[in-house]
Every structure is written in C-alpha cells, then in structure tokens.
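We begin with a single chain expressed as structure tokens, specifically the form predicted on its own.
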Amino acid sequence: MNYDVVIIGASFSGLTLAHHLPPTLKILVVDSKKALDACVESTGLITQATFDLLSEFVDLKKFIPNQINSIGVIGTDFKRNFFSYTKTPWIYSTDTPQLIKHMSETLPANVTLRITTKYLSYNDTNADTYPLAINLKTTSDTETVNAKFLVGADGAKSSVAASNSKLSKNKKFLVGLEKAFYGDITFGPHPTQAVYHYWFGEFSLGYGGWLSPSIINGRNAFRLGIAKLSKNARDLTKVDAFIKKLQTKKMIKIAHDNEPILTFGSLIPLSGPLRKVFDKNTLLLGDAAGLCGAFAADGIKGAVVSGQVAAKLIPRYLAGDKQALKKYYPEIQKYNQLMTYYRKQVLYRFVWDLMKRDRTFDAMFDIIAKAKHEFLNQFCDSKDRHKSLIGIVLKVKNLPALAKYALLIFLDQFL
C-alpha cells in the first residue's frame, strides 16, 4: 500500500496531526495497542490553553468529568499542607481513554487507522514518489508499506527515533505508576475541584505523588500515582504504601470493590526538547521529540501543539519546500512561548534533582507556602503563557529561607 503520510502512534500527538492534515493526503495511523481505550499512559490533566486547542476539533466537554480550580500541596510528613486557588478552572481532568477513542473514531475519511500493528523499521529507498519503505508487524504477519513521509508520535522511547541514527533520542526519564479507583477524595475543602501534589522527598525522589478526582463509568473515582527517576524504577511498588498512607490519613475512601479500575506505567522524558527531531522525510512529535515539561511532567499540551504545527509544515515539505521543517520549533514557540516554558522546566528539573533529603523539600515547602495565594496563578502562567514560578521565590523577604535552602542542597550532595 502507498500513503502520503504514515503516523506511528495513535495518542494525542498522532491523532491531532491526523485530524489536521489536508484531506487531499492519504494517511495511515499505526498503533500497537489492542484497543485505544484499553490503556492510556497519561494522567489526563490538561490546562485551559490545551482545552481550547482540543475543543477546536473535538467535542471535548463530553470527556471532562472535573473542572479544577485549586491545588493542594502536601509536605513530606503528610500533615503540613496548603491550598491555592484560581477564580476559573486552571486545569481539567479528562476521561482520557474515552477521549482518545473518540479522537480515533472521528478521524477524517482520508485517514486509515490500524491497531494491533507494531512499527519495526524503515528504509529510504530513494524512489521518486514513495521513498520510504516502512516495515510493520501485525498479530499474524509482517508487511511493508510505502510512504512519502514518516512521523514518530510514539512516545518517550520512540521506535521511529531509534531506527534513525540522525535523530536525537530521549535519554533521561521519570517512570510513573498510576492507579484509578472508584471512591472519593475526602481531604480538603473542595476535593472534586482540586488536584493534590505530594512532596515526598526521600519516599519518591525525582517527582513525588499525585491525586486527582475523576468520574469513570458515571461513578465517583480518583486517580493517584507516584513517579521517580528511572534509575529508581524498582521502588514504584511503593505506590501501594502511598495508597495505604492516604487511607490511614483519611484522604481517600476506596469503594467497597477495592480493586483498581486501571493500572498503568509510563515513561516521561526529562531532558527537554531534543536537538534533532527531523530528518529527510521524517519528524518526531510530542514526547518522542522531548516536548514535555521536564519538571511538571506535562506532555499533552506539547503533543497537541506539535501535531497542529506539523500539520502545517508537512504539506509544505511534500510540496517541495525542503526548509519547512526548520520552522518546527519556531512555530511551536508562537503558542504562548512554549519553547521558553520548556527551557525553564529544564532549569527547575536541575534544581529539583539536587534535592535528596526530606529536610530540603521541607525548606522549599516553607518558602512556597508563604506565597500560597499567588502560587497557582504563577503556576498557570508558566504553563499557558510565559511568566515564571521563580518570581514568587526570589524575593528579598525570602533571602534567609533561600540561604537555608541553598545550604541544605549543598549538604544533600555529601550527606
């Protein structure tokens, strides 16, 4: 079979691209999953800006169980906490499996979707019309399809990137494990309108834990998980200890069935946008290109934006403008200075990774808690515009606390 564009990966980035490419192009989308709503490796939280982008081509309101207007930050002892609020929703929880399924079911007529199909490799044959020979494996056979252009929208450990030595690869990761349960969050003033970030410190170095409300199959539910640096992936079994701790602290109430509705793990790229994300007739999107917050671990926005940008540039490339792909990152930057946001996230990640003891996380908690009323507004800005979280930390009144914090970071490297 011959196609103009073959997209590897049927999640947010690949499906967004497929929705936006011109209807004159013949497109194939390939994914190895047996069902697109069976397992989605995402916490499914989207910002207002991402909500607006998705709403342009998806009936998104059907898949928004909770509008979130606050965040609860919990310290290492599970006792100290603070809440920060916005007047309007700053993020939304999504019924992610059903949203992805809907995106796949509403693809344009020029798009063919094939699941249970694994990408193996590709070769540049230098043929005039369809220069790429793409090797695929189904449940029963292998086959080769021909294409003019190949897109890797296949996640942090991109197989497309791995099969081309000229493309950059993600090398540093968080590894996360999430579970969803029927039941209720029972902590905080408005638990159905809040997300919770747990600063564990030593319990989960590299990130921490999260808890967010949801509605699944019409029933109250919640999603929770922990993430760590990939070198500590074996410690992810601590997610069960996390669940027990939340039950003991009466922060959650699991329904009588007591079994998780779903469990999934994921890799989250931490190095920021990769340097080489396109080659001859090939482009990486979303997590495959490192377009994920290295500190906040938020990948959906980068996936959607990169899909929309690529949909503008790929037709130009196919029409003979071989310089079109060089505008990929500059065009992404136009979306509320998103590339600047990613660079700041790499800086935050560097500092966070230096923190290795509960005492250091507690020192940072003390600084942030003093600015709780402006914390969330700044956090929203850093996601959807270009202001910085640093602005609420680097203040004269915080100098003594910052000096203590800096000393503790220094000691963490040796003690």
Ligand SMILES: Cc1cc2nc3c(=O)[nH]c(=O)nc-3n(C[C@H](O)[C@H](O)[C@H](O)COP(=O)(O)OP(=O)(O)OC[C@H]3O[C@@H](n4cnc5c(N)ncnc54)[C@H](O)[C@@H]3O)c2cc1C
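One-based numbering along the sequence shown. Every value quoted in this text rests on a predicted model; they were computed, and no experiment measured them.
Omitted from view is the form predicted together with the named molecule, to which the following refers.
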Does the 4.5 Å heavy atom contact test between residue 33 and the named molecule in the predicted complex come out positive?
-> yes
Does the named molecule come within 4.5 Å of any heavy atom of residue 324 in the predicted complex?
-> no
Hey, in the predicted complex, does residue 310 get a heavy atom within 4.5 angstroms of the named molecule?
-> no
Using heavy atoms and a 4.5 Å limit, would one call residue 285 a contact residue for the named molecule in the predicted complex?
-> yes
Which one, 270-278, 80-88, 185-193, 155-163, holds residues whose non-hydrogen atoms are within 4.5 Å of the named molecule in the predicted complex?
-> 155-163
Would you mind picking the one in 335, 264, 203, 130 that has a heavy atom within 4.5 Å of the named molecule in the predicted complex?
-> 264
Can you pick the one in 134, 71, 292, 167 that has a heavy atom within 4.5 Å of the named molecule in the predicted complex?
-> 292
Taking 75, 229 and 361 as the candidate spot, are all three within 4.5 angstroms of the named molecule in the predicted complex by heavy atoms?
-> no
From first to last in sequence, which residues of 108-128 have any non-hydrogen atom within 4.5 angstroms of the named molecule in the predicted complex?
-> 117, 118, 119
